[in-house]
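Only one chain is given next, in structure tokens, and it is the form predicted alone.
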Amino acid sequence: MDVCPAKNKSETRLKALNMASQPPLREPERDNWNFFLTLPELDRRLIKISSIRQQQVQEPLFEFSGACSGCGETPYVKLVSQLFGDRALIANATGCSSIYGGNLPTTPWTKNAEGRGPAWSNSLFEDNAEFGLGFRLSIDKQRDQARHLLVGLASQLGDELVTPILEAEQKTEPDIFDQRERVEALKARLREIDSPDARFLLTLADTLVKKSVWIIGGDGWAYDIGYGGLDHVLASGHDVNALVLDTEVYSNTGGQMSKSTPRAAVAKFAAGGKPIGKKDLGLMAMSYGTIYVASVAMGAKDEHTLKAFLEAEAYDGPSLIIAYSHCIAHGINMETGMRNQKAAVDTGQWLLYRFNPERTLRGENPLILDSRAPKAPLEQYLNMENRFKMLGKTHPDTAKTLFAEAQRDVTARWRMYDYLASRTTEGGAE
């Protein structure tokens, strides 16, 4: 409602979406809803998914979550479901995302008209990354078995079918569509062959279509309780995608301080304002040099967020996306939460960047700093949120000190990232 730029030209006070009392609208909107359900989805092969205007017409396979109104996490989860949902496997750490993601007997995870949708399961705080790595290892093993059996049955199946399946790149939606059609043809032929290998391959054939593994959780998992496992999995080199929904606090259990909580923020166990700065999870991951890392904020730059998700999934190796997620625990107006995200970026409190190891192979600096230099003082952002403002009311002298230190954090962090992003690499240029 707040973000959409469209307005009613004949009545300018109205936007594309407007809040109104529900009871008088319920019956006519039920008819409208049923009508819209009859409209066909656009062919995914014809959508330019790198453009946010086109990509957003992709069918979401995550809907009606029951999360807090205006939740900052769910737009990122919805994006994953739109881009990769019909071939995604999701390991979800315990936290807000597992509660609204698995609020049985209903579930927001759904399937498309072809019956395909994400495979989702929840694991614990402390082992979710390892849980997701297990998805990847099992899929890879089954795919390798399928490829081995496919080669062995090539003389019966025909090289005109087997070779394209084995050599398919599967980098785009048309690639995936074509591979699925080939696999369906393969399964039809396998049903005609009476042998143990053919019957076994029939159970594994769908693994020949590229699967996308996503390990999702909050900062309590990624920065704290599950950090050891996350670090281990990212260092493994396997093709998994970790999405950290960073609310900078333990949201689901009442707002306790985490290592992601920024300096000067008030939270449980930090009633006098957190005295130290935020852990730089992205920088720690970048130190390996082999992990795709991105820091995004949809409210600040949605096209950048989309680009990061596409690059992370395309990267043949581990990826980490740290996504700024405004939260009701921040003490903000949730109707306008995306404005808080923009303010965080404009003041330098949150940086936008992408670290792509593939750029190193081209002689380019792997780090791209997508944020501009801070254009407003940090205090302007801090005073938008009660988690910072309340410190000024309860401990004014402490607030003055911590706000000044937080500003120095912002300045130092910007300078460091700007320095790293401007360095020349061997064979590259400034």
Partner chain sequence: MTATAPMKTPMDLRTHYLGMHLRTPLVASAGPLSEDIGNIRKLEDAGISAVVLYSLFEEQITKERLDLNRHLNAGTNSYAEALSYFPEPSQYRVGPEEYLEHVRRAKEAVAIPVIASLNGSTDGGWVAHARDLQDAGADAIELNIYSIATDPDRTAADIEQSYVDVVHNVSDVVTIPIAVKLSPFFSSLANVALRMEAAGARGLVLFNRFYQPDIDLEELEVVPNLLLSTPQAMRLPLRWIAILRGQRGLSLAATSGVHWAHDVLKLLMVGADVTMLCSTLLKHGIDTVRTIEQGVVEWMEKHEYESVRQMQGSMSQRSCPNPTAFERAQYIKTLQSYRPSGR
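Residue numbers count along the first chain shown, from 1. Quick caveat: nothing in here was measured; it's all calculated off a predicted structure.
The same protein has a further form, the form predicted in complex with its partner chain, not shown here; the description that follows concerns it.
Query raised in the report: Judged by heavy atoms and a 4.5 Å cut-off, are 66, 251 and 394 together in contact with its partner chain in the model of the complex?
Result: Yes, all three are in contact.
Query - Heavy atom contact within 4.5 Å of its partner chain in the model of the complex, the stretch among 176-184, 318-326, 254-262, 302-310 - result: After filtering at 4.5 Å, what remains is 254-262.
Query raised in the report: Of the options 390, 368, 47, 52, which one has a non-hydrogen atom that comes within 4.5 Å of its partner chain in the model of the complex?
Result: Selected residue: 390.
Report task. Identify which of 89, 99, 283, 202 has a heavy atom within 4.5 Å of its partner chain in the model of the complex; exactly one of them does. Result -> Spelling it out, the residue with a heavy atom inside the cut-off is 99.
**Report entry** Partner proximity in the model of the complex: residue 352 to its partner chain, non-hydrogen atom cutoff 4.5 Å
**Finding:** Residue-level check for residue 352: no, no contact with its partner chain.
Query raised in the report: According to a 4.5 angstroms non-hydrogen atom cut-off, is residue 7 in contact with its partner chain in the model of the complex?
Result: Because a heavy atom of residue 7 falls inside 4.5 Å of its partner chain in the model of the complex, the answer is yes.
Query raised in the report: Closest heavy atom of residue 330 to its partner chain in the model of the complex, within 4.5 Å or not?
Result: Contact with its partner chain, yes.
Query - Exercise: residue 154 in contact with its partner chain in the model of the complex, heavy atom 4.5 Å - result: Residue 154: no contact with its partner chain in the model of the complex.
Query raised in the report: Can you name the residues of 256-277 that have a heavy atom within 4.5 Å of its partner chain in the model of the complex?
Result: Result: 266, 267, 268, 271.
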